[in-house]
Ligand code: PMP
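First, one chain by itself in structure tokens, the form predicted alone.
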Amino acid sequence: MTTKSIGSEPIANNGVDFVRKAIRAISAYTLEPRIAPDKLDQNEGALDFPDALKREVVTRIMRRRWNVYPDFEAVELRDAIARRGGIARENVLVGNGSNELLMVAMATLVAPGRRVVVPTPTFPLYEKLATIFGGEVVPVDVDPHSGALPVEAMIGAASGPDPALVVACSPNNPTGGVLSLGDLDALLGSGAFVLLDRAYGEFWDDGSPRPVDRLVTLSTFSKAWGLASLRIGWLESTPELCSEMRKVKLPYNLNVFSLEAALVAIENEALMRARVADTIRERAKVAAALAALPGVEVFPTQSNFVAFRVEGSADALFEQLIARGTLVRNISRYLRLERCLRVSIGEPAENDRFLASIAALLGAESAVQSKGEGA
């Protein structure tokens, strides 16, 4: 029973009533656990980190003392990231996955009442975090057929006497649309502050935008680098903005295992580049084969996944694919993505099994086989 309030927040005798109203009003980010032999639902890298490199990481870990904290400033990893990007260590922060750094950036930049422009549909965590920190979320519709990010509409939504934060994922999850460097320049030129999530940036040559004022970019080792289980991400911005965000970032936020794995990955970057090239080739094959199916509309994509719309029930097709051994992502509950599914690009054999299954379910095996050959 509520007895009094402080500001707009009630003080109550039970624990749940003590929780902030903004938190109680939103739902948690969840993922229904489903199992299938071919897991193509979470946009992970198609291949595991090689055993030889795993052994190298373990060897380095065995040489370290486990009873002492990791480097407070993560200097070695930040230097390695900075060198490959041609920037300075002061332009880089590292964290426990790019999601942690997304929270750090939001906590630093989103004041109560500040407008946060978010193209939708996109990664749901952007809106949740903006709401948690008191921002006023301004959704802008992504094209429901091409998945293109609406740059002019984003600029219009961000305009006004007070500065707005624009959050954009490029390539966008789950549609695959992108922001070119020209689009990014236009957003920054409008006066907006831009938070650019490049989780899938390696699968599209976006020119790797350099740190400039009013721009924060987020990147991850989870996708193209094949280290999703170790949760390693990095952030790039100006030294001044990184200094402010360091005040929010938790200390010792990366363990020594993750630090060493990221260093080994960077030392073997050629492996990542080769795997990305393989993924892009498989992406073209999968997209072409899906487009050949009757009643299937494929979203143009520059990422390691393909979103597509079907004429019938996406829910039914999702379950039927699981029954045949392939788990994809059901995105049909997203706004403007009715009847849509998303498939991650896996190993060639996984992709072939998925294409054979969906062709059989839609009664078009011969069309997929002829379109997929040599694509």
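Quick caveat, the model's predicted, so the values are computed rather than measured. Note that residue numbering follows the sequence shown and begins at 1.
Absent from the display: the form predicted in complex with the named molecule. The rest refers to it.
Engineer: Going by heavy atoms within 4.5 Å, which of 143-151, 217-225, 184-192, 279-287 lines up against the named molecule in the predicted bound form?
Structural biologist: Careful reading of the contacts points to 217-225.
Engineer: Even though the named molecule is not shown here, does it sit in the predicted bound form so that Gly97, Cys169 and Asn173 each have a heavy atom within 4.5 Å?
Structural biologist: The answer is yes; Gly97, Cys169 and Asn173 each reach the named molecule.
Engineer: Which residue, Lys249, Arg275, Arg231, Arg115, has a heavy atom that falls within 4.5 Å of the named molecule in the predicted bound form?
Structural biologist: In short, Arg231.
Engineer: Counting non-hydrogen atoms within 4.5 angstroms of the named molecule in the predicted bound form, say which of Leu179, Leu235, Leu165, Ala199 makes the cut.
Structural biologist: None of the other options qualify; the answer is Ala199.
Engineer: Does any heavy atom of Phe133 come within 4.5 Å of a heavy atom of the named molecule in the predicted bound form?
Structural biologist: No, Phe133 is distant from the partner.
Engineer: Looking at the partner-bound form in the predicted bound form, is Tyr126 within 4.5 Å of the named molecule by any heavy atom?
Structural biologist: Contact check for Tyr126: yes, within 4.5 Å of the named molecule in the predicted bound form.
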